[in-house]
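Coming up is one lone chain in structure tokens, specifically the form predicted alone.
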Amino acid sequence: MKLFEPLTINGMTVRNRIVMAPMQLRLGLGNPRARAFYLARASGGAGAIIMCGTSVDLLMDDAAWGRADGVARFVENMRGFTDEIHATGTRIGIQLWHGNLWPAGNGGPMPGAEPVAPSATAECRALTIAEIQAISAKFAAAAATAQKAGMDFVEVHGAHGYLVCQFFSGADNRRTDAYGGDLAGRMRFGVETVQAMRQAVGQDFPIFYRLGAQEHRPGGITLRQSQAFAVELQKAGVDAFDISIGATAGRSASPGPRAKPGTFVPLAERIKAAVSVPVMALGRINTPELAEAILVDGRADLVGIGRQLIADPFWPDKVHAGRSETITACLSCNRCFQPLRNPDWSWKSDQPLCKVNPKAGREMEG
């Protein structure tokens, strides 16, 4: 099967085309619960894992940890974890994220932090040019920290209507300076951020980019714009693209049970036509037949599988061994995002993360 052919991305060889897509489940990063969760998916045969979207401040600013040695402790702790993942044959990366706060902190409320955006809104003030450039520098410093921590690659979260995506979207970016206006101006922040990251990590460390390729709203991102952006991002140093949507107005980044399998594959196919680096497709890719067809038909080079690997961490090994009938199928019910959506949700409760896999997120409990 093409699904199990290796792929090399800027010197990093991934053993198969299956990538665990990044999902924010409030697991944390290097604690025992998170380590057990990700290690189970690596042991189950995924070619690569992208850890959850993580505030860039956490990887470059001790203040975000509330302690003087926060970043150094993160690096030390994660070195042991990444070594465990590598022992399974899986590659591990982390998604770098910036929300609409200055400073971003740990991704949650920060005393004194201001809501910010590319352009002023009722809730947010517009970022200054100096602040924009400082955010690019934060991505670069965070990427360098991830590299020191033993990560094999990093990914920029440039989708789902978060800050990086907003700079590219004409619906959010109404600036008239060098970081707005025409398409070239709206691309500038993303391009400069990748350039800064490339300088920080060197030429041989893979950089992925999750691109919000389309929006269904007035002035929003179009596929033609995204194709042009992808070309410029590749020139800046992006080694692989992870294709999703921009702002989620009118649709979900995690398609429900009524959504078409392979929901966002057409977007990936269009971006793949514009670039020469690998492209990953997403969106309810739950069955081996669909995953294989996407690759064989040349619509993408990798398949991002998220919720299905929550439901069954051994999906890759079962497919490889010809035991697809034993797979526990994901229901696309999105219960797994309750920890993110419900601030009262707690791992200390007996609430299951997944309807079909009660052990999900509780692997450390035996």
Ligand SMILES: Cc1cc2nc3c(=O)[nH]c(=O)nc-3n(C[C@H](O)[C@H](O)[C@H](O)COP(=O)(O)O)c2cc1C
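Quick note: we count residues from 1 along the sequence shown, nothing fancier. Bear in mind the structure is a predicted one, so any value in this text is a computation, not a measurement.
The discussion below concerns the form predicted together with the named molecule, not included here.
Next item on the list: Given that the partner is absent here, state which listed stretch (316-324, 64-72, 51-59, 28-36) has heavy atoms within 4.5 Å of the named molecule in the predicted bound form.
Entry: Of the stretches listed, the one contacting the partner is 51-59.
Item checked: Heavy atom within 4.5 Å of the named molecule in the predicted bound form - the one residue of 272, 138, 198, 284 that qualifies -> Filtering the options by heavy-atom distance leaves 284.
Notebook entry, point to check: Of 173, 225, 88, 95, which residue is found within 4.5 angstroms of the named molecule in the predicted bound form when only non-hydrogen atoms are counted?
Noted result: Contact residue from the list: 95.
Check: Is there a non-hydrogen atom of residue 255 within 4.5 angstroms of a non-hydrogen atom of the named molecule in the predicted bound form?
Finding: Yes, residue 255 lies within 4.5 Å of the named molecule in the predicted bound form.
Checklist line | the named molecule contact in the predicted bound form: residue 306, any heavy atom under 4.5 Å | finding: Yes, residue 306 is a contact residue.
Notebook entry, point to check: Does the 4.5 Å heavy atom contact test between residue 336 and the named molecule in the predicted bound form come out positive?
Noted result: It does: once the named molecule is placed as it appears in the predicted bound form, residue 336 has a heavy atom within 4.5 Å of it.
Notebook entry, point to check: Is there a non-hydrogen atom of residue 157 within 4.5 angstroms of a non-hydrogen atom of the named molecule in the predicted bound form?
Noted result: The answer is yes: residue 157 has a heavy atom within 4.5 Å of the named molecule.
Checklist line | Neighbours of the named molecule in the predicted bound form among 258-276 [non-hydrogen atom within 4.5 angstroms] | finding: Contacts from 258-276: none.
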